[in-house]
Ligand code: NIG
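Take a look at this one chain, the form predicted alone, written out in structure tokens.
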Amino acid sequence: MAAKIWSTKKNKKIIFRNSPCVVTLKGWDSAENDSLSQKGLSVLKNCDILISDGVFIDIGENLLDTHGNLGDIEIIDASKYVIVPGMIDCHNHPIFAGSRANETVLKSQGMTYEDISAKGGGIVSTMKATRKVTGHELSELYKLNAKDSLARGVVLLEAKTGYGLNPLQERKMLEALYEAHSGKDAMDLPHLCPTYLGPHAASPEYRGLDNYIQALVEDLPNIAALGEEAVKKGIAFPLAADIFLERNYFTKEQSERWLGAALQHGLDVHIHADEFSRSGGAELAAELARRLEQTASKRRKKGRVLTVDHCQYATESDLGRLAVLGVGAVALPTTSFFSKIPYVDAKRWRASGIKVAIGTDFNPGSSPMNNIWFSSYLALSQCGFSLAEVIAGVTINAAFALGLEKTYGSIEIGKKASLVAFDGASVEDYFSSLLGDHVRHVVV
């Protein structure tokens, strides 16, 4: 049975009645919170949730009696549903053309991600297919992936470019994302957090990675202006920048040049790093955050160092420094599953004090599964994160990873109204389906 999608723009008042288990995550960041236990999830029982004009208005028992005549309101019997905050996929590559299904076969037979890339596969293969289609076609392909995310409860979707690999083609990808969210069916999509990942791999038009970085830096004012215009139109949240800092890709020095320029233009930044080796991504993130005088209690409204993503080879001390500086880490276990690379170690991450977010890393090659529930299960079963850490990782900590924790990620009065209701009666029923087939209602 497909999930029912509720847009608070179309339905001004909604009430979910008598849920046996509402996971609010209120106070998750409090000092006494124990990430290993479920206490920090702040679960309410036999609870109603009242939504009006896109905001949580009240949470408690018998709200219809408390509020009297609410006029025209949608009433949903939630007595057989667990309710959690709207889910957030904070690392996704949902806009591309073509297929790399052959690589799934090759990897199952022993080839590595790097072996395939060296033979002309990987990112370059998707680049060729993506360049062949029009911007409008790309927009339509993206919508299919975004709608799939929303149907599984993802209300806020980070969407990276990165398969154009020159300034013109990367702009085409970014414009295609904005086109998708400016059309008549935009309300059928998750909210958009766009990320400009021009330096995803080498560009065939530029000799050497330094020259490609220079071209991207020179075009950055135009890209930043495009992002600002989209924010003014209400199409998307502010644009961020990213880079693949890894052996055989971009160096720490090249990454510093690109991300430093992005920060100067007011963009937030993420870093793909420390996935195949200790490539210096966590170190660079710490250096940039210190330069901005950023701390865990003091982050700007924009122009922030938000996350380092992957981090299999980041040390506990690397992660600890990031935690102090208000930088999060994003675990991407589905990539480990498909590419047969190590999973992150929950014990090391937990000991560091870092805020742990969990994403899908959905892309056509190394993580061809657009399913936040499966990523959650791998984080639980293979990485060793607790149930509480997993749920926080796809809600409040994922919101922190995108700089939106003040409005998303928990069910609290005054916050943006987004939630997921799925079959069950207790927190553990989160994993009664590993693919999200038990999702029945999504409010966005």
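Computed from a predicted model, the values in this text were never measured in an experiment. Start at 1 and count along the sequence shown; that's the residue number.
The form predicted in complex with this ligand exists for this protein as well; it is not shown, and the discussion that follows is about that form.
- Heavy atoms within 4.5 Å of this ligand in the predicted bound form are found in exactly one of 211-219, 232-240, 180-188, 361-369, that being 361-369.
- R100 is the sole member of R304, R171, R100, R257 with a non-hydrogen atom lying within 4.5 angstroms of this ligand in the predicted bound form.
- Only one of D318, D268, E158, E275 lies close to this ligand in the predicted bound form, with a heavy atom inside 4.5 Å, and it is E275.
- The closest non-hydrogen atom of H200 lies within 4.5 Å of this ligand in the predicted bound form.
- Though the partner is left out of this view, F250 does not reach within 4.5 Å of this ligand in the predicted bound form, counting heavy atoms only.
- Mapping the unseen interface onto this chain, Y196 falls outside it, with no heavy atom inside 4.5 Å of this ligand in the predicted bound form.
- In the predicted bound form, this ligand sits beyond 4.5 Å of every heavy atom of T130.
- For the marked spot (R152, L419 and F431), a heavy atom within 4.5 Å of this ligand in the predicted bound form is absent from each of the three residues.
- Along 86-107, residues H91, H93, R100 each place a heavy atom within 4.5 Å of this ligand in the predicted bound form.
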